[in-house]
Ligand code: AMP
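One chain follows as structure tokens, the form predicted on its own.
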């Protein structure tokens, strides 16, 4: 794409210039490319994955590009196409793996990534594990999609289609909670501006991302009848197996009513706790209005970002300690 980009885009990530070129050369080198992301995908993971696939296909139509991993219970096919089902035979040819938005190797959704001749890692989570020949990691980005966009914008001899731009916008909006989190920066808005210049349908994207059917009202009603708030302002609700069954929800959908608590003066941290029968754990999603919940999440088999993290509880016996640890963040 040949146009003058916002200065704030070029002022960021200068330390990655040589790595960006290595990524481009590796993409040019391989006829077979597989694009991966983490298990239990969110907007950022899916948006990055599909944006990378779309960009390669647009600019290198002769290459064979695949994307794999499990589908999301609601985001596919509402916001993203369903994942490809790829036979093991495909991975016998020399190929390049590109892994996005995934800090450690065991969370990559399809472990066949490791069969690649070379691996690229692009991520915005704290560095947990090195698994790529080329690794581009920037924890100051609001989303991996923001980092990926910075790289693709710098490849000015190549085009970014409206489809690619739409995937990147979904990734950024999803992981920044519509630009509300503290890691949103001038660069984030500069990238968003450039994506809008590419002709994306912003209103249509928001409608895709946040439209709900009437059944969601039952979940909202349930949360408003079952939430708890601690003395210091930690709000939470617990979904047991029978609650999920009654509401016809999967454990990963338990966090979908967290937004109900993000605008009250006396609530500073809010959490959903959902029983996962398959794993026999309680899945915790944490959000905050500023406090860094990441440190507490890491204590409970999790991690993530300053204002948005995930964790696990072996049983509800751990819940009082979790709430106490979160309250300490508010001292």
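Numbering follows the first chain given and starts at 1. This one's a predicted model, so the numbers in the text were calculated from it and none came from an experiment.
Heads up, the form predicted in complex with ligand AMP isn't pictured, but that's what we're talking about next.
Engineer: Looking at 46 to 54, 262 to 270, 281 to 289, 26 to 34, which stretch has residues with any non-hydrogen atom within 4.5 Å of ligand AMP in the predicted bound form?
Structural biologist: Careful reading of the contacts points to 281 to 289.
Engineer: Can you confirm whether 12, 19 and 138, the three residues that make up this candidate site, all sit within 4.5 Å of ligand AMP in the predicted bound form, judged by heavy atoms?
Structural biologist: Judged in the predicted bound form, none of 12, 19 and 138 sits within 4.5 Å of ligand AMP.
Engineer: May I ask you to state whether residue 170 is within 4.5 Å of ligand AMP in the predicted bound form, using heavy atom distances?
Structural biologist: It does not: once ligand AMP is placed as it appears in the predicted bound form, residue 170 has no heavy atom within 4.5 Å of it.
Engineer: Wondering, does residue 319 line up within 4.5 Å of ligand AMP in the predicted bound form on heavy atoms?
Structural biologist: Residue 319: no contact with ligand AMP in the predicted bound form.
Engineer: At the 4.5 Å heavy atom threshold, is residue 255 in contact with ligand AMP in the predicted bound form?
Structural biologist: Yes, contact at 4.5 Å.
Engineer: Does at least one non-hydrogen atom of residue 323 fall within 4.5 angstroms of ligand AMP in the predicted bound form?
Structural biologist: No, residue 323 sits far enough from ligand AMP in the predicted bound form that none of its heavy atoms falls within 4.5 Å.
Engineer: So which of 125, 112, 187, 154 reaches within 4.5 angstroms of ligand AMP in the predicted bound form, heavy atom to heavy atom?
Structural biologist: Exactly one residue meets the criterion: 125.
Engineer: Pick out the residues of 103 to 130 whose heavy atoms come within 4.5 Å of ligand AMP in the predicted bound form.
Structural biologist: Residues within 4.5 Å: 103, 107, 125.
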